[in-house]
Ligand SMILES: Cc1cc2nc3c(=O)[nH]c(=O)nc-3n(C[C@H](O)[C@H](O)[C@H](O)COP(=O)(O)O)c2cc1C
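Shown here is one chain on its own, the form predicted alone, set out as C-alpha cells.
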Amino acid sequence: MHTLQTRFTSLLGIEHPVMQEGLGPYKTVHLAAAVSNAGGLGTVSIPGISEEPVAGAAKLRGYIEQACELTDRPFAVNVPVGTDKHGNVPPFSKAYVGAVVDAVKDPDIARRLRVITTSAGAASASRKLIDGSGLLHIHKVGGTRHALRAAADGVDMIIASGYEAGGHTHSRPVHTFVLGPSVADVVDCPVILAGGIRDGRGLAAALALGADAVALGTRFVASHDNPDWHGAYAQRIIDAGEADDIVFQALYGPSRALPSDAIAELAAIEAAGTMTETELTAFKDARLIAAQRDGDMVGGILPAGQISGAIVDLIHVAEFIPGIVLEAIKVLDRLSKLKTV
C-alpha cells in the first residue's frame, strides 16, 4: 500500500496524513471510526455546548466508548474551548475536556483515544486541563499570531484553518493558501492544513505549502460512512453550487454555512435582542442538531465549507483516504519530473 510518511503520521503511528475535522454538535462516532479504520485520524464531536455539563460529559463518555467498539486505531475528540470576557473557560468546556482526560485513565481507551483537539480560543485556556493526561494536543488557529501563541503554549500540533473552511471561521479572514505556509514558516511542530481541500491535489498542495497533513470536514460529511447524520444533509452539500455558502454570526463568532431560513430567523432574533445569551446559544445548538440529526434543511443551520460547491458525490471513506493519498503521490511524482530550463 502506498502512503506518505510525515511528522503527523509518525507522531500518531497511523498510515495516512489525513484527518477528519471536528464537526457536530451532533455525534460523529461512526464517521470518526471509519476514518481511523481507513488509516487516517477520525474525530469524535461533543454532544453540544448547551447540554447540562455533567449530563453532556456523560454522553461524551458514551460516544468515546462507542468509538472504541468500532475501531482499535487512534482517534481524537474535538472540544471548543473558548473563554468569557474574564478569561474563564465555560463550564461545558471544562466538563467535556474533563470527560476526555478521565476517559484515557482507562488503558484500553487510551490505546485508541490519543488526541484532543481544541479551538475557539487560546490554547493556554485548555493546556492546564490537558497537561499530564498523556493526550496529544492539537489546536486549531485562523491566524499566524495565534499559531505562534499556541506553539509557545506547548501544543503538539496545529491545525491552520483557512477562511474557506466550514463551521466556525475567523473574523479577520485569511485564506488557506496564505495561512498554511505562513504558519508552517514560524512554528516547529507539525501543521495540519484545513479549508477547501477535497482530494489528492489538495493534499499534495498542502504538503508543498509546508504542512504535514490535511484536515477535511465537509468532504467527509458527504459520505456513506456518516450514518449518525441525516442523509438530507449530505445531499444538500452535493446539490450546493459554487459560491452558495454564506457567513453568519454563530456561537463563537462568524461561521460558514449553506443558506437556510434559520439564518434569517437567527439574524432577526439577534437584532431584536429578545433572547438571553444562554437562550440564544440553545437556539443555535438546537437548529444545528435539527439539520444534522433530523434533516431539517429549512429550519436548521447547515455548517459547510466553500468546497461544497465542488462536491458532486458521496464517498466510501475506506476507499477515499488511500485514494487521495495515491492521487497526491502521483501529483508529486509528476511535478518532480517537470523539466527545468
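Worth saying up front: this structure is predicted, and the values here are computed from it rather than measured. Numbers follow the displayed sequence, beginning with 1.
This protein has a second form, the form predicted together with the named molecule, left out of what is shown; the following refers to that one.
Chemist: Choose from 211 to 219, 104 to 112, 143 to 151, 264 to 272 the stretch whose residues reach within 4.5 Å of the named molecule in the model of the complex, heavy atoms counted.
Modeler: The contacting stretch is 211 to 219.
Chemist: With the partner left out here, check for me: in the model of the complex, does some heavy atom of residue 92 sit within 4.5 Å of the named molecule?
Modeler: Output for residue 92 is no: heavy atoms all beyond 4.5 Å of the named molecule.
Chemist: Is it the case that residue 202, even though its partner is missing from this view, gets within 4.5 Å of the named molecule in the model of the complex, heavy atoms only?
Modeler: Although the named molecule is absent here, residue 202 would stay clear of it in the model of the complex, with no heavy atoms inside 4.5 Å.
Chemist: How about residue 119 - does it come within 4.5 Å of the named molecule in the model of the complex, if we only consider non-hydrogen atoms?
Modeler: Yes - in the model of the complex, heavy atoms of residue 119 and the named molecule come within 4.5 Å of each other.
Chemist: According to a 4.5 angstroms non-hydrogen atom cut-off, is residue 34 in contact with the named molecule in the model of the complex?
Modeler: Heavy-atom contact with the named molecule at 4.5 Å: absent for residue 34.
Chemist: Note which of 307, 41, 60, 67 lies within 4.5 Å of the named molecule in the model of the complex, where distance is taken over heavy atoms; exactly one does.
Modeler: Partner contact (heavy atom, 4.5 Å) among the options: 307.
Chemist: Considering the named molecule in the model of the complex, which of 76, 123, 194, 179 comes within 4.5 Å of it through any heavy atom?
Modeler: None of the other options qualify; the answer is 194.
Chemist: Look at the candidate spot formed by 248, 253 and 283 and say whether the named molecule comes within 4.5 Å of a heavy atom in all three of them in the model of the complex.
Modeler: Negative, none of the three is within 4.5 Å.
Chemist: Could you list the residues in 145 to 178 that come within 4.5 Å of the named molecule in the model of the complex, counting only heavy atoms and keeping sequence order?
Modeler: 161, 164, 165, 166, 167, in sequence order.
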